[in-house]
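In structure tokens, one chain follows: the form predicted on its own.
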Amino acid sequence: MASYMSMGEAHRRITEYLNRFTDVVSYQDGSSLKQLLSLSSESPSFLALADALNIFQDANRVIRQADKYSQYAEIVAPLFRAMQSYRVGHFAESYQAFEKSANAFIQEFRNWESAWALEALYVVVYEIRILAERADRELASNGKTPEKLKAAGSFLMKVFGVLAGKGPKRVGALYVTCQLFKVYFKLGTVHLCRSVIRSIETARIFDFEEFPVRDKVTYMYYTGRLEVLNENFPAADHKLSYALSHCDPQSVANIRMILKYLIPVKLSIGILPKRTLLEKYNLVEYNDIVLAMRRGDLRLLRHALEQHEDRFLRSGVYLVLEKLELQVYQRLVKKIYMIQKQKDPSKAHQIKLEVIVKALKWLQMEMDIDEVECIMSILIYKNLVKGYFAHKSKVAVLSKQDPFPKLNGKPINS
């Protein structure tokens, strides 16, 4: 605790940190350097150093005392201020100081020829985002405009520019991109992702397969979510399936995050998940939706959407799930067809609209014949049902061959 630390002990801890910092840079020890730059880890050594800084109050004098310290003053001095502010819960001030330190670090990083400090850069990039989020919460609670996360996005773009060149440092570009995605999704400015995606996917300097697996999984997860928002389901399926198949099987939370978006995509292309999968990853909000699709139960689908509306809206998948109604109607019509086929195979392909009206009424869904005719027209147009209308007799005449085409992993025709 700070209250039990003497001035001499505080001075010793500050000097010890400065010696470690200069040594790890001198020896190009990236894994040790990253530990010296992390605030949010709140490790015992960080907390003790922050307490020492708040007791000593003149760390700048210690930095200026020796050339080996002062050469890194632009990194270390604001970093110390960030630590002090962080320790007492002043996150906006901490962010301001940390960004200054991070800018100085980037300048040094440019000058280092090899990529030895890449892991340390990852920590700086991560800390900027986390600090910005905390700073914005603090600013908002004090009635001020939250602006630090937007500033963090600008800083990360600068870092991306540093990495987007030839040489070994470029493998860090995807990690920075993923942190940018997190910023843009948090701010609700996902359109800003496009320029970074273009750089990653079209620039000749990048080979996607050379990036670390961890970063490729995160990248595919976020770009898959973007494809969901754009309703480009084949692309979303490809990207989210890639993320799932390459995700660490021990990372249950990450698998769950991927499935939260992959399941609606799979449902939209006619692929239903097993109940065991939903229960294993605690995605039981999809249970009734899947059951509704199996049964052709429109009432159950609407009830499930209403029950979990907030959750689905927050995830951005509500509209995707709402459009499953057409597949549920298809399943209902197919069930009627199968029942008629058992009773009278010769007339199974002729379905009276009033029979569909009665089936919906049994499901407590009130619709008249005109509404049902409209729905059947859409099903035929979307190629979910093959057939035509006999308007005078109010009968849907289904094709005798494959009257209910399967989606086979393809989206419904728009």
Partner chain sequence: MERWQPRGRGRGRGRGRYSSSSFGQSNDSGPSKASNHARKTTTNRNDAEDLPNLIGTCPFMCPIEERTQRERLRDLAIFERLNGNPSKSSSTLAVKKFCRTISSKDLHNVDLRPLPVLQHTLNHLLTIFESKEHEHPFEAVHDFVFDRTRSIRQDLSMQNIITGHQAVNIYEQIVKFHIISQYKLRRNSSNSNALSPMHHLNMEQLTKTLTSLYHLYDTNRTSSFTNEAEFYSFYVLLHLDSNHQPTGESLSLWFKTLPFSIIKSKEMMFTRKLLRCFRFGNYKSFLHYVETEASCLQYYVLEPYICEIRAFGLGCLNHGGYKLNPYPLLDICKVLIMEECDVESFCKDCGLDTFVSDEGVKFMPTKQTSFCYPKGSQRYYPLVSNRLKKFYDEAFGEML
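Residue numbers count along the first chain shown, from 1. Not measured: the values here are computed from a predicted model.
Omitted here: the form predicted together with its partner chain. The next part is about that form.
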field: Candidate stretches 343-351, 49-57, 374-382, 29-37 - the one whose heavy atoms come within 4.5 Å of its partner chain in the model of the complex
entry: 374-382
message: Although the partner isn't part of this model, could you tell me whether Val320 comes within 4.5 Å of its partner chain in the model of the complex, counting any heavy atom of the residue?
response: yes
query: Does Pro273 reach its partner chain in the model of the complex if we count a contact as any heavy atom within 4.5 Å?
result: no
- prompt: Would Gly188 sit within 4.5 Å of its partner chain in the model of the complex, counting heavy atoms only?
  reply: yes
- request: With heavy atoms only and a cut-off of 4.5 Å, decide whether Glu309 touches its partner chain in the model of the complex.
  value: yes
field: Selected contact from Glu108, Asp288, Glu147, Glu138, since only one has a non-hydrogen atom within 4.5 angstroms of its partner chain in the model of the complex
entry: Glu147
query: Exactly one of Gln71, Asn254, Gln96, Ser199 has a non-hydrogen atom within 4.5 Å of its partner chain in the model of the complex; which residue is it?
result: Gln96
task: Give, in sequence order, every residue of 340-369 that has a heavy atom within 4.5 Å of its partner chain in the model of the complex, or say none if there are no such residues.
output: Asp368
